[in-house]
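Here we start with a single chain on its own, the form predicted on its own, put down as structure tokens.
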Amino acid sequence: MGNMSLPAFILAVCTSMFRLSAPLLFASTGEIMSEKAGVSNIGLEGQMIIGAFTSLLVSYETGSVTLGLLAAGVFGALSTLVITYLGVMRKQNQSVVGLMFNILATGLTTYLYRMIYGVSGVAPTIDTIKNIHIPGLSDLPVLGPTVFSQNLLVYLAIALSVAAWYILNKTKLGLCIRAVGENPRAAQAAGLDVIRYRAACMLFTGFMAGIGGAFLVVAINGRFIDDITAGRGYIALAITILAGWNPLTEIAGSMLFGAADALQLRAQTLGFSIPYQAFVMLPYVVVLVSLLLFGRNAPAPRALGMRYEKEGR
């Protein structure tokens, strides 16, 4: 391992794991909400890319990362209106609509970036969010630098996952969301507006995905690059399934894939006589193996991805 000892290598991987899991955690938390309401949002990747581009544009032009994050969430949410209109209101195939949206978002953000900032010269960059050190706790051995010295968005991602679990399982709102995802006809008979609930959940999903994409810019890279999400939207979809649509289990799933991502990044610097592409594949291999082993542990919401026809009264 070069000049790095095994304990130091493990500590470095664990420290990076939390940071690299946060984008997945934001996106998959939002996805759980939309899928619990019965909407399969395959467009997660595109919403993350839009969030990443928007955060760079607004942060760079205004000098405020906070505004960049908020704008990323808002534009991520607004972008879901395309999928909501076609997949929910117009009753088109949600998977096809989502895939087409991903292609559109990738091309559109690349075009806008080059139109605004050109293809030559110095790429616009911003200062990334700094880590905070929780007094007392950050000085603990091992846990201090690993758990208690992360940036604020990492803790926010975890807190929002816990809040999502509480809302879904302990509140009337969560009961209504689960109802429209399990049996929309019965939910309609009980007086719930299925379309509105699904549209609202999609807006929340887009907001969270936008923040997840923005994290890649404001907390990791400091700039926007083509295909910056590198499939993280699809990984977040896999985490949603593997977690059994449970936001608490989703935290562990996101950490697993964050660890795989951190491991491949660190492994590339160790000088192994193995093509670096083998390490780049590692997170996706983990996804495929995990889906193979654990992908059927929990049943999906019964009306997930199904067209909803409103009955007359």
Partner chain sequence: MNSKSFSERLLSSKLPVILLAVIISMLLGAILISISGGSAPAAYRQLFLTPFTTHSATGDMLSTITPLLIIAIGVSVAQHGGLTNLGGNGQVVMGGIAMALVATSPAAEALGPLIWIPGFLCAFLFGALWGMIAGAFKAYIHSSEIIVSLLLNYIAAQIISYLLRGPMMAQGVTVPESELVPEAAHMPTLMANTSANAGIFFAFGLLVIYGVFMYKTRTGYKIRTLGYSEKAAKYGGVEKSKYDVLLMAVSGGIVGLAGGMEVLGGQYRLVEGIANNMGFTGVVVALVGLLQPVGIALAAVFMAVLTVGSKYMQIMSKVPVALKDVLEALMVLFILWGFSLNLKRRRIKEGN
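Between two forms, the rigid core is defined as the largest C-alpha subset superposing within 1.5 Å. Numbering follows the first chain given and starts at 1. It should be emphasised that the depicted structure is a prediction, and the values quoted were computed from it without experimental measurement.
A second form of this protein, the form predicted together with its partner chain, is not displayed here; the remarks below concern that form.
Student: For the spot marked by 90, 280 and 288, is every residue within 4.5 Å of its partner chain in the model of the complex through some heavy atom?
Tutor: Looking in the model of the complex, the three residues 90, 280 and 288 all sit within 4.5 Å of its partner chain (heavy atoms).
Student: Look up in the model of the complex whether residue 234 has a non-hydrogen atom within 4.5 angstroms of its partner chain, and give yes or no.
Tutor: Judged by the heavy-atom cut-off of 4.5 Å, residue 234 is in contact with its partner chain in the model of the complex.
Student: Hey, in the model of the complex, is residue 135 touching its partner chain, heavy atoms inside 4.5 Å?
Tutor: Outside the cut-off, so no.
Student: For residue 275, is any heavy atom within 4.5 Å of its partner chain in the model of the complex, or not?
Tutor: Yes, residue 275 lies within 4.5 Å of its partner chain in the model of the complex.
Student: Mark residue 183 yes when one of its heavy atoms lies within 4.5 Å of a heavy atom of its partner chain in the model of the complex, and no otherwise.
Tutor: No - in the model of the complex, heavy atoms of residue 183 and its partner chain never come within 4.5 Å of each other.
Student: Which residue, 163, 190, 152, 115, has a heavy atom that falls within 4.5 Å of its partner chain in the model of the complex?
Tutor: When its partner chain is considered in the model of the complex, the option within 4.5 Å is 115.
Student: What is the one choice in 194, 158, 179, 241 with a heavy atom within 4.5 Å of its partner chain in the model of the complex?
Tutor: Spelling it out, the residue with a heavy atom inside the cut-off is 241.
Student: Considering its partner chain in the model of the complex, find the one stretch among 204 to 212, 140 to 148, 78 to 86, 164 to 172 with heavy atoms no farther than 4.5 Å from it.
Tutor: In the other structure, the partner sits against 78 to 86.
Student: Answer yes if the CA of residue 264 moves 2 Å or more between this form and the one not shown after aligning the rigid core, and no otherwise.
Tutor: Indeed, residue 264 is displaced by 2 Å or more.
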